[in-house]
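Taking the form predicted alone, here's one chain by itself in structure tokens.
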Amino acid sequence: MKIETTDPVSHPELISYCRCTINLKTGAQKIEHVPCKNLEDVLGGFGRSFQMLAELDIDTAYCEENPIIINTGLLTGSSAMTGLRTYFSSYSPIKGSKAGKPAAMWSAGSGKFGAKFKWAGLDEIILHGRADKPLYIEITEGSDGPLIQLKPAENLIGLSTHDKVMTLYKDYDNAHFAAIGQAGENWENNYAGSVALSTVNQLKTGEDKLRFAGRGGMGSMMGYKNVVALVAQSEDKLKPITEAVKNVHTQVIKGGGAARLQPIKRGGGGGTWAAYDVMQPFHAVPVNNYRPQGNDLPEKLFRENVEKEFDIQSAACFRCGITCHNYISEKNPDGSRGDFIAKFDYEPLNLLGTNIGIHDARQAGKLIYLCDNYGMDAISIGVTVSYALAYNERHPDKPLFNGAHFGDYEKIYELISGAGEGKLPGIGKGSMRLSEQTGETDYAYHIKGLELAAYLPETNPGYCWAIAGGHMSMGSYGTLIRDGKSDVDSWVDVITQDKLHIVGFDMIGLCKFFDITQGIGTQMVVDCLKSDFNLEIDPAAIKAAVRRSFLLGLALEFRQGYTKSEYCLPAEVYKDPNPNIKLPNVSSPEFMAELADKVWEVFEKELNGILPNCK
């Protein structure tokens, strides 16, 4: 970016970003420095891309008019810890309204690709049209700016995400990669394709240690476009870390919600995996399609039980001290580390483990590895599988697919493989479409077409107003369990004020664990912007930009045909309350009706005028 002001709020036009627009059909490209229109443009990510998507009239995701926007945030590649994020935005094939139109969506991932993308001199690529043959996009650093070339990719077709990355790595040193798997290649029958992003650990060890931009089917959109990978090659350009940023990093590690994610030996809970320990005392861990049974089955996948048999290595992304995920490997007879199995984060572990009746760590790990290699969103695929298993439990005489049931590892493996290979569109197209085909929609755990993360909807009515998945775009999942808030007014405030600010991290380039409790409108973020870019931005201005972006997301949903009736929890929650959940009821019909009235009373005043016909 070119920055010629210290005041981006008053003079955003004095900051410009480098954008490459590519017509995939003709190969024509245009590189330009684009002046920012507002603070949202300056911050980047979906704050910028949603403004572009708002200018388009898209009726179906798989059309040449629907672009893919790949960009970074202002702090991507900066000295700020967790500043690694890359964003993929488009109208989603999997998230859509009952009216049949796709919804605007973004997906975010870490790894080192985003930093390399930025260091090559590029802030954004917009992909228009559709290539006639498979290709990958090469981004390199030139003497006068970024150089972009389209390269044939027939040799990559059919390879897994990991194998695509490692194949490209042979030809590019000092580079990082984004790639789709077979699921994205089979876009017609799989709407849940993800984009895999290479990591330092992966390239160093040769093991499948990718990060993912998983939600919303952005890998499927790339597959439709015939773009199977991107390469970003550049020298590292890290700025020296100032004392101000060092102090911020200390605060991030010791507080801001990240302290509990630290490894156990540092006094933390052992990464995102620790969510099991937090929720199990309330029987709030999703089991068998979000229906906890009030027993101790989830404890079989507690870290303390898994580490008895397996080697567990706490891990972090490039330059990050939070260390939020874990690598699981076999343990050799002498106690040394054996073959790598999978990366354990809470969401994949639950939704490809406990929530489908799998309580064996090795089996869960193999399903995670399978899903990662096919390049599929573990949330959407895991939840759609759990719906199929719940349907089969109800209809043993006329089951779906291969008749798989909860805990049936071999048959569940077949379902996931079939989805990845494009042979089972019933799984690959998501739970909303599958449940509409069966006519049994009550226990399909999605909201607005996007499958729920691994938090019970009974504990998180904020899910209803999330614009890109509950755990990444509405930070209300700890409001009941962690904060103990169970009254309507507190939830109205959480949804309409405090917890919507979590989306700001997907604008600026930081991981949410930077300060998950407060959002990006904090002094820590202000200090990083001042240190790296000499920008003076008041926290209130940042929060205002985040709010405008969130409201634009809601407005775009209404424009795509959503009605208020679709902003609701799965019907099973209301019709068949689960007595095993040991928490106050914040999902009764009465509670939700009052909550919806009060939430819309706040939002509608601000939605008016954002877009035509958005109410």
Partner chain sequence: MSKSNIDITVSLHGVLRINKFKLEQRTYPANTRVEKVIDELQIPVKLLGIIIINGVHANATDILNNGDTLMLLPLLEGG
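Positions refer to the first chain, counted from 1. Fair warning: this is a prediction, and the values are worked out from it, not measured in the lab.
Heads up, the form predicted in complex with its partner chain isn't pictured, but that's what we're talking about next.
For the chain shown alone, T272 is a contact residue for its partner chain in the model of the complex, at least one non-hydrogen atom being within 4.5 angstroms. Put simply, F513 is close to its partner chain in the model of the complex: some heavy atom of it is within 4.5 Å. Under a 4.5 angstroms non-hydrogen atom cutoff, its partner chain in the model of the complex has L480 among its neighbouring residues. Using a 4.5 angstroms threshold between heavy atoms, G142 stays clear of its partner chain in the model of the complex.
The contact residue chosen from R266, K239, R394, K398 relative to its partner chain in the model of the complex is R266, the criterion being a non-hydrogen atom within 4.5 angstroms. With the partner omitted from this view, the residue of A259, V488, L370, V526 that lies near its partner chain in the model of the complex is A259 [heavy atom within 4.5 Å].
For its partner chain in the model of the complex, the listed stretch (515-523, 70-78, 419-427, 244-252) containing residues with heavy atoms inside 4.5 Å is 515-523. Contact with its partner chain in the model of the complex holds for none of D132, Y136 and L159, as no heavy atom of theirs lies within 4.5 Å.
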